[in-house]
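To begin, one chain is listed below as structure tokens, in the form predicted on its own.
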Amino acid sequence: MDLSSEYLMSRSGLELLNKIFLSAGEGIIIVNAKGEIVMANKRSEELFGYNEAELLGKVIENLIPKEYHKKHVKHRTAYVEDPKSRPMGIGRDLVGLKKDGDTFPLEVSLSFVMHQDQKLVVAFITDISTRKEQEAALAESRNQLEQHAQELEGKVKERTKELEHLNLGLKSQIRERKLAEAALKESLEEVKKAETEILKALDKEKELNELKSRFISMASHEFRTPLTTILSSADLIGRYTDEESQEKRIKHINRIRNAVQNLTNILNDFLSLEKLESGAITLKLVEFSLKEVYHEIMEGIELTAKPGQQIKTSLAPDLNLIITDQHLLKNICLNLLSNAIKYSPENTTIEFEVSEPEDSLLQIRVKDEGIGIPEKEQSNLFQRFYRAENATNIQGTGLGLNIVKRYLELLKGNITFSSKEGSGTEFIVNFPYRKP
């Protein structure tokens, strides 16, 4: 018999649809836009333990545990606003609440109909307790298989050792060992990765221990010299009590001042290195007057110049207000100028130039007439604690240029140099900046 649309709309057709609804093997619940149950079939009553009269008029959230109510109301409201058919199999897994308080897992698929100007949501409900039990049993079986596989893997290892010890050389034993090796390959790869990480950590620790040893050795030497100078000069000042000894007193006071400055520089290098290692130094871009900072640098550096040393300075006239890290810029300049003064003899010239070779690119150039850097040692110049052979008698930590290079990495800049032993050195620094 052809169940045409006309038949379905007839009395007999409606009775047939009602029978199908009532006898369906899945629970069917129809709710209105407010979430109130307006129809429910027998299977729904069996699933939740209610009779039809008890279900009608209840809000659908009464059929799920209280902790899910708020979330379910949100999902239900969203679905009513934009309803779409959601077939079984891609429905949501939920928890149902029976009348007696028991809960059970269920799957819901949704559809919607318009009836008498009402938007009704039709929920098809399936009890998936059996499926969940099967899934749990499958997971348990899988765990047991994995455990059994691990036990077999252990036995394979033991057997492989026995075969190696006995050295029987049989093909079957070799094949078994290969199978064991294949089974263990993935585990070995993980072990290798772990070993690699451990080796990296050990190398890092070794490097830190070496740095610590070099630091202690260098610090004990570098601190001893200025402290000895301060002690001897302080002792001599105490002996010059008359007015005729004023010049000698001033001389030793200057020696003490220079020694204290050396100690301050050493400590600043150590603190800067520690902050860089710990990541405490980050880029802080601010707007400031380059001319003011330039003059501050020159005022501070001229006090440390040796007798007869001249510092020729040049600042591009168009450079004034810029945006970059003021602290890093100042420290880079002071570090390069301090080195130029330290490694140059008296009565020499030091050139200090700040320019803009390209738009928004700042260039700092420092050139001296000092001892220079031996060619064979130039490749190591930016290493921590490294000092060239011809500089071992001059105070220094060997950290300055390493710090400058790492500051420039933060500024996305670079540093180059040219040098010849006995003829001086020229450093050129470039890094981008922003204009206000």
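Model, not experiment: these values are computed from the prediction. Don't overthink the numbering: it's just position in the shown sequence, from 1.
This next part talks about the form predicted together with a small molecule, which is not shown.
Looking at 148 to 156, 131 to 139, 337 to 345, 296 to 304, the stretch with residues near the small molecule in the predicted complex, meaning non-hydrogen atoms within 4.5 angstroms, turns out to be 337 to 345. Each of 386, 398 and 425 is positioned with at least one heavy atom within 4.5 Å of the small molecule in the predicted complex. Residue contact check for residue 371: one or more of its heavy atoms lie within 4.5 Å of the small molecule in the predicted complex. Although the partner is absent from this view, residue 55 stays clear of the small molecule in the predicted complex, with no non-hydrogen atom inside 4.5 angstroms. Proximity of residue 391 to the small molecule in the predicted complex: non-hydrogen atoms within 4.5 Å are present. Interface residue remark: residue 29 is not counted as part of the site for the small molecule in the predicted complex, having no heavy atom within 4.5 Å. Proximity to the small molecule in the predicted complex, defined as a heavy atom within 4.5 Å, singles out one entry of 381, 411, 60, 47, which is 381.
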